[in-house]
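Take a look at this single chain in structure tokens; it is the form predicted on its own.
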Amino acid sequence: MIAARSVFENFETVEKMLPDDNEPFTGIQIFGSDVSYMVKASVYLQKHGKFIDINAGCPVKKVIKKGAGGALVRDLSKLLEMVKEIKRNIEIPLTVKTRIGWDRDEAERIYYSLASAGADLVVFHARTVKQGFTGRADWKVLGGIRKKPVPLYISGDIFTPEDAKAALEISGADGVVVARGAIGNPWIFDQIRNYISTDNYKEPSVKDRLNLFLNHIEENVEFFGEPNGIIEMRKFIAGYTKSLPFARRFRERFMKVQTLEEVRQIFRDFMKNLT
């Protein structure tokens, strides 16, 4: 997720975030309110990703105040102009991730408008912008969309493979998008694929879970340095250690460490307690 203006005002930082040659299926999500900047950013970024995605659903107040993210649902004419102009100027697919409406369900109108404007795929987080992340995502709101000129995907409250299968069945969507459900649980994507095709999936072992978590931390430190790369990982710790014994003590210690060597030590201690 990259601010369109930052592509031109702070490209040294943006460049570090772009997919590399080892990420062949990665798209780039952009957000902003200025159509011209969104178009220019898309044109420039298209050589770095496999598709461009417009963020038209973020409910965060500082994003909304700038007329970006979910604010575009309230200004549908601008969003449609954005889609048309970006699509006209890029050579890779253009997708849109949005909400079902600002404060009420308008999913059907939004979907057909975006498809007509040129979007190649539309993802709905099944809440309104005003809801933020409160209440439950209403997967059934997409059920009325029968004719689909472009693929329609569902998002919101997809935390387990069972959630994904239910969301697809209830919504009638063509695909499912996982967001918060992947935090600390990157296995969820393979689990969903397996569950949909075989009604079965495996949970990662404790060793696999912790090894991947440590690898994630090490790569984050390589990217952000110490202690920033470690501090940034605090938001992932609950997901990676969910339901593990002695996890509370581990989390308490993790919140205080500043160096990678300290991190490795508390991981060694944690593994000893688990064996």
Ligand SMILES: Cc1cc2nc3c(=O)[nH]c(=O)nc-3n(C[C@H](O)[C@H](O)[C@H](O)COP(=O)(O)O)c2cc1C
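Predicted, not measured: the structure shown is a model, and the values here were computed from it. Residue indices: 1-based, along the sequence shown.
Below: the form predicted together with this ligand, not depicted.
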| query | finding |
| --- | --- |
| Three-residue site Thr160, Ala164 and Ile192 fully in contact with this ligand in the predicted complex at 4.5 Å by heavy atom | no |
| One residue of Ser42, Ser33, Thr241, Asn55 in contact with this ligand, assessed in the predicted complex (non-hydrogen atom, 4.5 angstroms) | Asn55 |
| Answer option from Asn185, Ser155, Ser171, Thr128, heavy atom within 4.5 Å of this ligand in the predicted complex | Ser155 |
| Contact flag, Met271 vs this ligand in the predicted complex, heavy atom cut 4.5 Å | no |
| Asn220: touches this ligand in the predicted complex, heavy atom cutoff 4.5 angstroms | no |
| 4.5 angstroms heavy atom contact with this ligand in the predicted complex for Val178 | yes |
| Contact label in the predicted complex: Gln29 to this ligand, heavy atom within 4.5 Å | yes |
